[in-house]
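Next up: just one chain, as structure tokens, the form predicted on its own.
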Amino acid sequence: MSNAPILLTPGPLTTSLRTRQAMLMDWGSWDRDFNQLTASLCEQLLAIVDGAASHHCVPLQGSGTFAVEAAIGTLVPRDGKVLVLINGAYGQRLAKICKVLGRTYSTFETAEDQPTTAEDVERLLAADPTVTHVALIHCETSTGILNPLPAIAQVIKAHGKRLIIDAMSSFGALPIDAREVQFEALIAASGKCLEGVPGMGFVFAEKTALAAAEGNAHSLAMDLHDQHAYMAKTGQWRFTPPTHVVAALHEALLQYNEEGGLPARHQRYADNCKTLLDGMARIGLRSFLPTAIQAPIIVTFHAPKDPRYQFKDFYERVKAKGFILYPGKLTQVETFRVGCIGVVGAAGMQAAVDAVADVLREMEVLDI
């Protein structure tokens, strides 16, 4: 196990031995102990956003995208309209979900290195009073860009619209307070900044909105209203839960709190990000985003322009040295991505930089 490569990806990511060991026990899905595990999990998750008074935590089987689709399908009425703010692949995916679900939507797209601004949203909402919901990717994983959530949320509130936040790559590491940022739904998952394993999403759904959502959903399995109602009544999941994923996340949350909660998790990732950016700059690799809009979650780097550089060869050589990177997701320029999250610290990030430097020397791409 100790020889396993470090995943410098945006999830799945490297987990602790304690988290992996939590999956060695089998749980009965209707068992009281497992139901208590689920209830404890939801309570701890709500505490991270100070949302217990205003929101329900509704867990859902599947990846984060399952939870995004469930939130759109459940909370946006069939006659609603979603303004989707896009500056990367996950904003585009959210718009595609609206299309597939038959929800009316409009899009506003900025370049992949340009955050959406509050002024943009002010102008868009003033121009289209038919919009009922605005959907925002907090940290767009395709580049690592951070969108200005608090300022955008204020504009949406002032217009009396409802905010849906895809916080997949930010929840647990970047602060979001439900008492300060008014949202109808915030969506995240087990395998990101909480350092659990993939397989469970969850939606913080505003209580009155969820209560009013009966009959909206396009799908039985993804009906968050029905999922919450059944859990509230029985303490159980409606359908077979990802028991091992739940147990692993519960254990990961114990470690999250032991580490010092969100401030400590954010600081470790910020230190990782700085180590990565500084180290890559020293070997001549440029980051795609300016520091001001770079979230400490995943960093996109311009690929070397040398014709001897091929990502697949680069990837395999770095993997052989113990680190798994991520391909770029931009269409216009060639890039690769390096995650700053997971059970890794600044020393591990420096080791990754050293591995990248060694590989580029071996490939005769950089004379460093």
Ligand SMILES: Cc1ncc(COP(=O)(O)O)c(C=O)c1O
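Numbers follow the displayed sequence, beginning with 1. Note that this is a predicted model, so its numbers are computed, not measured.
Although not depicted, the form predicted in complex with the ligand is the subject of the following passage.
Heavy atoms within 4.5 Å of the ligand in the model of the complex map, among the stretches 133-141, 106-114, 261-269, 217-225, onto 133-141 alone. In the model of the complex, at least one heavy atom of residue 93 sits within 4.5 Å of a heavy atom of the ligand. Shown alone here, residue 168 lies within 4.5 Å of the ligand in the model of the complex, counting heavy atoms only.
Interface membership of residue 63, defined by any non-hydrogen atom within 4.5 Å of the ligand in the model of the complex, is confirmed. Residues from 173-204 that approach the ligand in the model of the complex with a non-hydrogen atom within 4.5 Å are limited to 192.
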